[in-house]
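Below sits a lone chain in structure tokens, taken as the form predicted on its own.
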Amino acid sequence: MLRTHRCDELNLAHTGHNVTLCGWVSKIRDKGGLIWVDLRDRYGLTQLVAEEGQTAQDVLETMRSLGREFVVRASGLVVERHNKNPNLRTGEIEIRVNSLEILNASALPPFLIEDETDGGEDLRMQFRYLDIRRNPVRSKLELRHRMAQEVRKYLDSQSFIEVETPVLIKTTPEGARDFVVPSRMHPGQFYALPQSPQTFKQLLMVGGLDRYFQIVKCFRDEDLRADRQPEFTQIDCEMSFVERSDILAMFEGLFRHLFLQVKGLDIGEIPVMTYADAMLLYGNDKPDLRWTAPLLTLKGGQAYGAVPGVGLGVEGVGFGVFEEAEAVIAVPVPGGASWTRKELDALTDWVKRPQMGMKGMVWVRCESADGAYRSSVDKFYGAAYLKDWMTRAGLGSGDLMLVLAGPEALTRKAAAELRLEIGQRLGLRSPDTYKALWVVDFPLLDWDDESGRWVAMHHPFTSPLPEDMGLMQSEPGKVRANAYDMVLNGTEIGGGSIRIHDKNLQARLFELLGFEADDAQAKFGFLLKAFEYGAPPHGGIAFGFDRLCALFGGQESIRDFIAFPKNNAGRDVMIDAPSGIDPVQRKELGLP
């Protein structure tokens, strides 16, 4: 080894020892008679010192020739520092250098390699190998490593076997667009990169492996955002001879293990909520439970189980906005009665933005000073109505309610967004607080107006709930999937289902999804054939590993938790990819 120690491990106990360190020059301070150099490696930082009259002249000259990010090897004596740095693990000592070797010089970096850098995101992505030297990025990659190891430890302890599945596969007709790879050996034919190992892990269950997992790369050719990349990593799992409750128990165990080992937190039991309740109470299928106050549906919501005619309602008083609306939904704001008219007007403008689509907002409050109920629609609704609404929402003196009205889907979505915004403004969505949730009983199918057919809400291998089997032909829109999503802090981090393992049921679902028999055979004949040879009941789940790491790291963007990410346009600006290929390659591949 070129070094005896790392740059994080020396302390007063090593005083008087001769040591050798290797690393990058972080800072240089030359005071004439004294020269200090901060030497950095992956593990930490150690101060080197040289002094006129005590250090050999050639060493002093070498230290003065150093620049930022030079790679050096330094040997010397560990001594106690006079001016100790309590913020540094090695802050009680320094190395009095007697030998210094430049292993490689460095050009001036395009940005500061420091925690607080002067480099913008585009520049840092172009020089990602330099960005990785910074503590904030390195620590995120270390977190990712630790989480991967803990995933493997837990699943190995539960008798899962890690199996690699193919990367060059057949294109799939459902879901996002595939990345396709032309075949030179088979002109005019293409491989696809996998969006997930779905069919292969089902085949592994047919193969009797019983419990499979893989931390696997997947690919989707779709529009990008902060938490999405064209290539991403997921924790992919499958189990045989299980029901939904078995899957939920197994992977609740995984999450509790991760939180305990990585964050030192016991998150307790993870609650289960139906899709219908999530939509009714929180306006979306991934509720953020860091703030528990639910929405109140004053009108509409029957598709999600709302009971009409509860309380005084909103109709019969001549307020046309509520009378004509398909849905009227209230967002509770505990302690919000003191909000000023200016603040309420600003929120009204917020919900009227094009991306929200609301025409306005009604407010109701119970002022703590006199307990009186007031609203922006006092002309139509008396105190009895306002008190009824507030009481049903669990609100009282000092509280505020914000009410939206309009088409059901649009209003529910806007109310969900407003609820999250209120939670943010109240400081109730801290990244250091974690609330996990299982959401179950999703619709199996969704009607697509553009194609005029049913499409799978999850994927075409998801089994219906046993009690809904009889609805598949008569009322397919009411069939619920034997599926489940894991939600963490309002973000979907994983999902799965109990799979279809019966060939005839799988064929019926393909037919319902509009697949011709020949087409289904051409695309999935291998899977249907496998089901003829004793396929066991099975189910599984996949978690977005990049997104999970970002949440554990308290960040919204996944990019810093990936060693070499793509930008918003799906480009790798460091290596300039994607790029063209030369004419010889195009000809070999049969491309124009």
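We call the rigid core whatever largest set of C-alpha positions still superposes within 1.5 Å between the two forms. Because the structure is predicted, anything quoted here is derived from the model rather than measured. The first residue of the shown sequence is 1; numbering continues from there.
Keep in mind that the form predicted in complex with a further copy of the same chain is not shown, yet the notes after this line are about it.
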Open item on the list: Taking a heavy atom within 4.5 Å as contact, would all three of S26, P354 and R429 count as contacting a further copy of the same chain in the predicted complex?
Closed with: no
Open item on the list: Under a 4.5 Å heavy atom criterion, is M205 part of the interface with a further copy of the same chain in the predicted complex?
Closed with: yes
Open item on the list: Against a further copy of the same chain in the predicted complex, would L265 count as a contact residue? Criterion: heavy atoms within 4.5 Å.
Closed with: no
Open item on the list: in the predicted complex, does D38 come within 4.5 Å of a further copy of the same chain, counting heavy atoms only?
Closed with: no
Task: Contact test in the predicted complex: L260 vs a further copy of the same chain, heavy atoms, 4.5 Å - done: no
Task: in the predicted complex, the one of Y373, F213, F461, F510 near a further copy of the same chain [non-hydrogen atom within 4.5 angstroms] - done: F213
Task: Listed residue that, although a further copy of the same chain is not shown, lies within 4.5 Å of it in the predicted complex (heavy atoms), from R146, R89, R480, K387 - done: R146
Open item on the list: Partner absent here, but in the predicted complex, which of 325 to 333, 154 to 162, 397 to 405, 343 to 351 has residues with a heavy atom within 4.5 Å of a further copy of the same chain?
Closed with: 154 to 162
TODO: Output the sequence-ordered list of residues from 54 to 87 with at least one heavy atom within 4.5 Å of a further copy of the same chain in the predicted complex.
DONE: E69, V71
Open item on the list: Core superposed first: is there a CA shift of 2 Å or greater at A13 between the shown form and the other one?
Closed with: no
